[in-house]
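To begin, one chain is listed below as structure tokens, in the form predicted on its own.
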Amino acid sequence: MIAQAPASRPLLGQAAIVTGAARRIGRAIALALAEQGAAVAITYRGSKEEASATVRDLQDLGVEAGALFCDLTDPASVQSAVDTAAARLGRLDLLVNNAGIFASLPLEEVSSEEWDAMFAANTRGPFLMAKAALPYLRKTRGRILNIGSLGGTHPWATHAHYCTSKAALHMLSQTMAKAWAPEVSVNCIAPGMIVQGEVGPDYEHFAHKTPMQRNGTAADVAAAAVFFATGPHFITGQLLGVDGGLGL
């Protein structure tokens, strides 16, 4: 039996999977969970070297960590990644569906193939991951956290397929929360403009439009993820905007 975690590391003894966590927001979330004591498995598809570097940084925080190849469009690959992570870590308490794609195109120029690829990554992939993880999460009264987008609540004319896929993910999160309660809690984060060192007129424009007068960072999203990972299990079906008020 795992001893109760100290307040300083509330996730000690727990295990998490973070998809697409080789870099950017996923990496920040994985590191934040590890800082709270969680063992972390990350998935990658095309960023093997960056995934290896992230694993080393996770291990430097004193937790068990590993990287697994996973093609979110392939149900067999998804199932294998989840089963392997659970076997290596001994349990599964949290799934963070972070992996996804972003693209900008005028609506009339979006091909059917591009539309399908967007939904395969941003909506179908999280569904497959959650379905594969569910038996493990039910055993631990675990949690699922999906990473949506401000674009899922606001129509961006040049990002129609992206916005629609994220809106579907928001609804999927609520449906999962209702379907899989009371054993599993499910919530969703909707980041706004998140930058990691990027500069330029476009980024400055969004910062000035944001009530908090700055763009968000990966650390802001990671802090919200830690809240859902460590907060009351009773909180479920919620969509939390991490946008500095940009969506108001």
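Numbers for residues come from their place in the sequence shown, where the first is 1. This one's a predicted model, so the numbers in the text were calculated from it and none came from an experiment.
In what follows, reference is made to the form predicted together with a small molecule, a form of this protein that is not presented.
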property: Contacting member of A34, I194, V55, V184, with respect to the small molecule in the predicted complex [4.5 Å, heavy atom]; result: I194
property: The single option of T84, T73, Q174, T153 touching the small molecule in the predicted complex, heavy atom within 4.5 Å; result: T73
property: Non-hydrogen atom within 4.5 angstroms of the small molecule in the predicted complex for each of G13, V63 and G142; result: no
property: Which of 205-213, 64-72, 34-42, 175-183 sits within 4.5 Å of the small molecule in the predicted complex, heavy atom basis; result: 64-72
property: Partner contact for V96 in the predicted complex: the small molecule, 4.5 angstroms, heavy atom; result: no
property: I147 within 4.5 Å of the small molecule in the predicted complex, heavy atoms; result: yes
property: In the predicted complex, R124 touching the small molecule (heavy atom, 4.5 Å); result: no
property: Non-hydrogen atom contact I25 with the small molecule in the predicted complex at 4.5 angstroms; result: yes
